[in-house]
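Starting off, we have a lone chain in the form predicted alone, written out as structure tokens.
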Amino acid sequence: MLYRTAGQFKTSYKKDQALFPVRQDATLLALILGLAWIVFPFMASEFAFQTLLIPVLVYSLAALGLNILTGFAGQLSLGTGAFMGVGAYACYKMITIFPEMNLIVAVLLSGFFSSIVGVAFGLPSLRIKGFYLAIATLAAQFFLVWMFEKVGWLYNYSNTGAIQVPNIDMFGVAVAGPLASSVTKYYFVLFIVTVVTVVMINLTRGTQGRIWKATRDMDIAAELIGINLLKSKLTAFAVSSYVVGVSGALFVFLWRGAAEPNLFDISLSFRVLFIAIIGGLGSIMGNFLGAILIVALPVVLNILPELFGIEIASATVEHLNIMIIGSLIIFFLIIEPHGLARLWALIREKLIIWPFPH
């Protein structure tokens, strides 16, 4: 009954292709944005900000970048963690070289450096695809992490080899660094994620999105109808790496506060890939659903035993987390390859036609 569409008429092609053809979808999104922008900042604790809210947003943006490449354009990548590192190190160098630079500008510009690197490593996609392309991006993963370790200029020749986020002010308010509050960091990340997500929604629903989908479904047929595969694939790598680079800058500057090269190793790439798979490849909303599940699962596994008075070692909790995530991936790959986004779509369809059978 909540999704009853009686009386909602689509009298033009424009209305039929609207972002929210059903009024309830717009209402639900407005409710979610209201919670994110108004309710959570005033009700969440420091623990919630650092373990749930901020990491969910950062991982959602990283998964969105990977989904542009893999879900929409059909190009495999196992180097997401390294491209996040490029964005983080680029942002760090810009802030240290130009201390007066606005952090929003630095974060958004850092994505361009990651985009350039992504295009360079995306060139093999013109000749190879599938498993072989995944191996090429895996090589990029190891090469870039090696650079983060060996090129001292990237971390300003620090004795520890790590980058440390300095205190950064905007309009007299600390937005990053040890002095910044979690609420301020959360609002900063939420603003960037909201803007980038809106841009990506419009991009994937437009001409470029259709070109990527045609390339993903059958690149030979796409080329026969006049699509430039070189431009299509490299554009996907560029846009994907840009979004991933921005998420990497947020990852370090607004959440971690410091980073060593091994923070961007292959495990981070797999974590982002798991979020995209569980959430649903080729879906914007799925990235957020997958991130909520992957980020919240370890927190829930730690809290539940305490509520029932059960003591479980932290190592056991970590093993349970890995086992559950692995089981979820197998479940979605077999039962519902399109992930949580597709499950929500099915529930939504049932609600629209309820109480009639599907």
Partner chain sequence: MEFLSKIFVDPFVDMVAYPDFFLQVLWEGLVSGILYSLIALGFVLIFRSSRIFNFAQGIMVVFAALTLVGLHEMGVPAWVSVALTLVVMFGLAFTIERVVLRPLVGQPDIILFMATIGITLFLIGFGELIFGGETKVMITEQLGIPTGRMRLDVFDGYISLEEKDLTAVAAAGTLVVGLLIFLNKTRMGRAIRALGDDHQAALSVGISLQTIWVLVWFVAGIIALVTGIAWGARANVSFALEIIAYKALPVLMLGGLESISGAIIGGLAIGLLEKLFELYWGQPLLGGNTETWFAYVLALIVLLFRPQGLFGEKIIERV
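What we label the rigid core is the largest C-alpha set whose atoms superpose within 1.5 Å from one form to the other. Numbering follows the first chain given and starts at 1. As the structure is a prediction and not an experimental result, all values here were calculated from the model.
The following text describes the form predicted in complex with the partner chain, which does not appear among the structures shown.
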Original post:
Is it true that 67, 108 and 191 each have at least one non-hydrogen atom within 4.5 Å of the partner chain in the predicted complex?
Top reply: no
Original post:
Wondering, does residue 124 line up within 4.5 Å of the partner chain in the predicted complex on heavy atoms?
Top reply: yes
Original post:
Even though the partner chain is not shown here, does residue 113 get within 4.5 Å of it in the predicted complex, heavy atoms only?
Top reply: no
Original post:
Is residue 281 close enough to the partner chain in the predicted complex to count, meaning some heavy atom within 4.5 Å?
Top reply: yes
Subject >> Contact flag, residue 30 vs the partner chain in the predicted complex, heavy atom cut 4.5 Å >> reply: no
Subject >> Stretch in contact in the predicted complex with the partner chain, which is absent here, among 295-303, 326-334, 30-38, 47-55 (heavy atoms within 4.5 Å) >> reply: 326-334
**OP:** State the residue from 138, 175, 94, 119 whose non-hydrogen atoms include one within 4.5 Å of the partner chain in the predicted complex.
**Re:** 138
**OP:** At a 4.5 angstroms cut-off on non-hydrogen atoms, which residues of 142-157 are near the partner chain in the predicted complex? List them in order.
**Re:** 142, 143, 146, 149, 150
**OP:** Would you say whether residue 48 is displaced between the shown form and the other one, judging by a C-alpha shift of 2 Å or more on the superposed rigid core?
**Re:** no
Original post:
Comparing between the shown form and the other one on the rigid core, is the C-alpha shift at residue 332 2 Å or larger?
Top reply: yes
